[in-house]
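A lone chain, given as structure tokens: the form predicted alone.
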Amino acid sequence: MTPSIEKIDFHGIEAFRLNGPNGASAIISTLGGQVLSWKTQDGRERLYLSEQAVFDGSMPVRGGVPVCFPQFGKEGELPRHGFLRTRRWALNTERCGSDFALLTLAVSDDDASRAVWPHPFQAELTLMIEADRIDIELSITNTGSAPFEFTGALHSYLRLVQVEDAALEGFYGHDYRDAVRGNEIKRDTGTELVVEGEMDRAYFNVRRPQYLKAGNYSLGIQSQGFPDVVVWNPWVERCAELKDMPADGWRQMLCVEAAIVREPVQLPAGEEWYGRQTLVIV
């Protein structure tokens, strides 16, 4: 099947399906510029999307890969994770080759964004899929006449059969901030990270890729431009507080996010920044 891109309706919102090589596919929504599905050539869904996600724009869609900008979490005075997750993005470019499909969505500042964050900008989200690989790239351009700073993330929800069986490698020797334990700063001294309760860690200045093992499933995770990596799972009690997640949703997902947390990016007027997360089946 030749790679192609088609416009679709996804739970009542405008979206695009990228049909990649060997049956691989991905879906990206114009609501939030958010990747909502990624299936590899074996037909297996690799992203978690909550069965109770809301698609009417009244709140961010729970799952997939939300775009957090210009603020990660509660790192500033803006709404949690910024304001792009519920904004409408527009198609910018699309193209296909024999072994890939690629699409870019874009969004810019407007009166509503400037009311809470008074900076002109343009954001672009580029999604490219191959048979067993996905690349998600976020670019931010300062279109104004003064510098600004920002934090942010590609908040990837990875789908698992059972998170208790998963192990994540690549953090040995790195410092992290543990939000579950009062933002205490610790150093990771283990060879692999396992989830045994609520987890909300921001690993700083991560210098190597991550490797996720879960049963017969192995995923390589690498980022560029994003210095930090956030690992999040709400576990039982926190998940029960989330109205847009089923009670057992915590078991089927693990967020491994390419992030800017500790040191905001300083972006001069007229300059562009970009960061990328790559997920590949290994």
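Source: prediction; values computed, not measured. The first residue of the shown sequence is 1; numbering continues from there.
Unshown form predicted in complex with a small molecule; subsequent notes refer to it.
Q: Even though the small molecule is not shown here, does it sit in the predicted bound form so that F72, R80 and Y157 each have a heavy atom within 4.5 Å?
A: Every residue of the spot touches the small molecule in the predicted bound form.
Q: So in the predicted bound form, is the small molecule close enough to R133 to count as touching (4.5 Å, heavy atoms)?
A: Flag for R133 set to no.
Q: In the predicted bound form, is there a heavy atom of the small molecule that lies within 4.5 Å of any heavy atom of R62, even though the partner is absent here?
A: Yes, R62 lies within 4.5 Å of the small molecule in the predicted bound form.
Q: Is the gap between E137 and the small molecule in the predicted bound form 4.5 Å or less for some heavy atom pair?
A: So E137 does not count as contacting the small molecule.
Q: Can you tell me if D200 lies within 4.5 angstroms of the small molecule in the predicted bound form, counting non-hydrogen atoms only?
A: Flag for D200 set to yes.
Q: Using a 4.5 Å cut on heavy atoms, which of W232, W250, F226, Y48 is close to the small molecule in the predicted bound form?
A: Checked against the cut-off, the match is W232.
Q: The small molecule isn't shown here, but in the predicted bound form, which of 181-189, 80-88, 144-152, 98-106 has heavy atoms within 4.5 Å of it?
A: Heavy-atom contact with the partner occurs in 80-88.
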